[in-house]
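In structure tokens, one chain follows: the form predicted on its own.
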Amino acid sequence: MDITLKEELAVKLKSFNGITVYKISQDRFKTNTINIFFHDTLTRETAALNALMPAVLRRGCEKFPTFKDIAVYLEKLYGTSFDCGVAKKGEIQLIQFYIEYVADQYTQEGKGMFEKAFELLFEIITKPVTESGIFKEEYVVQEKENLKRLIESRVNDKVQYAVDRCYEEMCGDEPFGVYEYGTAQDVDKITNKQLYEQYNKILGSLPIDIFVTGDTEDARILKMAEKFSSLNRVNIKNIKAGNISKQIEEVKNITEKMSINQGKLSMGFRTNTAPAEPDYYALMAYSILLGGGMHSKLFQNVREKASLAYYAFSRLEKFKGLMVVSSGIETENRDKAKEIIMEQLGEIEKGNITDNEFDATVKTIETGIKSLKDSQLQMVDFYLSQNMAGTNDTFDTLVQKVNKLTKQDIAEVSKKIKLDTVYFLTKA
């Protein structure tokens, strides 16, 4: 899929053996980036394995066997930055390796920074430090402890924790209900041998997307990308998007107690709208109108008029067709807050949308889309998401489609939205 822009240009340069190479042309930044994504199906069996793998790889490679060696080399490359990790989009788990380096024209050498950055990324991914044919035991043991601490620390952000737990309760029997880092218990069970076997499966069978941003010549990009041809890749895995629609038989009500002062109410909805459907743009506007800023119905009615919430927002999970409404409230106000939140959904469905609400919603979306161009990582994420969603939008076409929306479009898409789960995090 080729995507063209006036300001930036994203082009698919080549596909080979389950690997696709993209270039996002831009000359507005003094740095360029290389992003490498491995796509896997999100499962309880492999989530923790996939999360642990990049953490171990970043510890060292054959050429730079310790994290300090890598850090020293990065500093020599004008303070180049490197990172890796996992994320989930719908029911797909992404394993990402990322490097940001100074563009050639801003270096004394004037050439070769792209090659050096790519070679380092390739070394880290494909030539790890090993002992007796598997990963270095010390690195695996230490990174397992780090990963467990990361998983256990998720409770520290109560707002995000309540949103995550709502989704997990909604999708308990679906892959989306799996936390992208797995569980601490899953991490404990991982053996070095098992991790190394999973690593070889990842290299050998998962689809790979390579995104390069900057003004690097196509020929240089393709020459470096050809390094991946040396990998033994067979039976490339077919990654499928998860189901979007689901019939709600009964709304789930979940209460979890914790040592907190303020209650966290998260309400999970099924939008029954896939990102490739024409009315997804109306759904975007619906979420912003409902809870995407100070103009929104949740802010004005739940927080300001009723004084029930310290915060109230709505958020879409586009790849799974979900929406969550989250609010921070006094524990005794749970039922009243839920009632007023549902009233706001009803108002939108009836078409009770003021000109100010509508105009502010469109402006908020337009501003948000344009701001994505200020970050190369966000640009990469935008195009990656377009590919994964099966859409072909650019920043400009997305703004154009949003500007064509009507209040009636938003009211119509709201009729597909159904409450699935009410999750309440309250004090013990």
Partner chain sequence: MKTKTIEYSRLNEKIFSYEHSSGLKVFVIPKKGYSKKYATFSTHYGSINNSFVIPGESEVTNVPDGIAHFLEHKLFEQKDGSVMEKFSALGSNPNAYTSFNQTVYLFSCTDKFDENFRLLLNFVQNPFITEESVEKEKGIIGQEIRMYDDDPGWRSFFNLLGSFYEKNPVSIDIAGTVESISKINRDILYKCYNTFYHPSNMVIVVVGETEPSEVFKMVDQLIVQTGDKPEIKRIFPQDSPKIKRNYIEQKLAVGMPIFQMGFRDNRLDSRGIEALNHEVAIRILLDMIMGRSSELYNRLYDDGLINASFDTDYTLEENYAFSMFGGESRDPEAVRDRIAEEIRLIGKNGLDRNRFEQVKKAQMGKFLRQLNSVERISNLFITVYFKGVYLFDYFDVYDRISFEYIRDIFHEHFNLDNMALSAVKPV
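These numbers were taken from a predicted model, which means no experiment stands behind them. Numbering follows the first chain given and starts at 1.
Keep in mind that the form predicted in complex with the partner chain is not shown, yet the notes after this line are about it.
Contacting member of 234, 219, 71, 251, with respect to the partner chain in the predicted complex [4.5 Å, heavy atom]: None of the others qualify; the residue that does is 71.
Candidate from 188, 343, 75, 137 lying within 4.5 Å of the partner chain in the predicted complex - any heavy atom: Result of the distance check: 75.
Stretch in contact, per heavy atom within 4.5 angstroms of the partner chain in the predicted complex, of 276-284, 328-336, 168-176, 314-322: Looking at the partner contacts, the answer comes out as 328-336.
Interface membership of residue 196, the partner chain in the predicted complex, 4.5 Å heavy atom rule: Outside the cut-off, so no.
Heavy atom of residue 371 within 4.5 Å of the partner chain in the predicted complex: Yes, residue 371 lies within 4.5 Å of the partner chain in the predicted complex.
Distance check, residue 91 to the partner chain in the predicted complex, heavy atom within 4.5 Å: Residue 91 lies outside the contact set for the partner chain.
Contact test in the predicted complex: residue 392 vs the partner chain, heavy atoms, 4.5 Å: Residue 392 lies outside the contact set for the partner chain.
Whether 37, 301 and 348 all lie within 4.5 angstroms of the partner chain in the predicted complex by heavy atom: Checked in the predicted complex: no contact with the partner chain for any of the three.
Stretch 22-39 - residues with a heavy atom within 4.5 Å of the partner chain in the predicted complex: 28, 29, 30, 31, in sequence order.
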